[in-house]
Ligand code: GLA
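Listed next as structure tokens is one chain, alone, in the form predicted alone.
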Amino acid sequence: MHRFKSLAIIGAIFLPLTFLGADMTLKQAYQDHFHIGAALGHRVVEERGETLALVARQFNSVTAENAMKWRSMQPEENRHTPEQADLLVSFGTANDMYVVGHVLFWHNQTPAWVFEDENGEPASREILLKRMRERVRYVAERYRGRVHAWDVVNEAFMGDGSLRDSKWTQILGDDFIEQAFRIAGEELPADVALLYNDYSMTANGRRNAVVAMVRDLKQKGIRIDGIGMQGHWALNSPSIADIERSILAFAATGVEVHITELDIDVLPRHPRMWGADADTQLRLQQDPALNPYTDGLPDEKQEELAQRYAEIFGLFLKHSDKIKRVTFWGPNDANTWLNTWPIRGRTSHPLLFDRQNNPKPAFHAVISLP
């Protein structure tokens, strides 16, 4: 029997967990302001160890890093593999969490068959729209009453505000986002929030394009409930003023703001990190100057990280009437994508808990604000 076969008893397996830590938790500190969440990789959920216990104690929202993406849930047209997603949703349900589905439609991690017909040629617009509807209908039925929000479309705009050239737009055209939200609004329950999610949302071009998109959908009577501002930020950028400008711009359209994928990169950056070929990647991985904190984060950097988080959460509290949720992209430093991106093999320290699940000075800075 497959190890995930007995999903009927999964709720009984995931009884609420406890974790020995600070008396005050993040979810308690921010309970009157917004949800506090963490994104989880499937191994954290499967292992049910100390890190999952930390999540159950500290957070009241959960998002799957990859388990609910199309390639993970349906690698082949006639084969569904929802086991990892089921575990994540069952964990969130058992611990009374605000569960976010991530993501319905993205140019990445979508299996090739989605965009092809039976002959391996590009699918028609009609075929692709039919498959999109089938995907939404499947997750709507499977997670009814247990998933509270979905990222409907992810990262569809470029920094200058133009639509990303992807198989979605090549087949569907410029109304890809409109069609995605139409389908989601028709197939998902009315109480599930429909979100658009993107990175670098403080860039003028992308921010203005997203604002225009929300207004256009609303004018057409198409439901969109929130904007996910990814928070993959650094110690010195973007500025607090730029973050605030975007929060205000999105809220002014009448939707909720979700801060998603939050982490603060403390490691040095190199201009050739992004999109480097294999040889360049290997050279950068071997450069100790780009991985200086293998033995832990020095006190001065801990203080700098804590100050940055304090400023950011101070802004979130200022606008808590506009913000529905703040989600960290990972539960601790051992489980952050920044250990492998944009180059592999680095020791990153971007979150509130260290590799042993101990609270860092940044945690104390954040929890002391409300």
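None of these values were measured; they are calculated from a predicted model. In this text, residue numbers run from 1 along the sequence as written.
Separately, the form predicted together with ligand GLA exists; it is not shown, and the next lines address it.
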Stretch in contact, per heavy atom within 4.5 angstroms of ligand GLA in the predicted complex, of 87 to 95, 226 to 234, 288 to 296, 248 to 256: 226 to 234
Quick one: of Glu116, Glu178, Glu155, Glu83, which gets a non-hydrogen atom within 4.5 angstroms of ligand GLA in the predicted complex? Glu155
As a check of understanding, the residue in Glu304, Glu46, Glu65, Glu50 with any heavy atom within 4.5 Å of ligand GLA in the predicted complex should be identified as Glu65
Is Lys69 a contact residue for ligand GLA in the predicted complex, using a 4.5 Å heavy atom cut-off? yes
May I ask you to state whether His102 is within 4.5 Å of ligand GLA in the predicted complex, using heavy atom distances? yes
I'd like to know whether Trp329 contacts ligand GLA in the predicted complex, with contact meaning heavy atoms within 4.5 angstroms. yes
Although the partner isn't part of this model, could you tell me whether Asn197 comes within 4.5 Å of ligand GLA in the predicted complex, counting any heavy atom of the residue? yes
Does the trio Trp106, Gln109 and Glu261 actually contact ligand GLA in the predicted complex, every residue with a heavy atom within 4.5 Å? yes
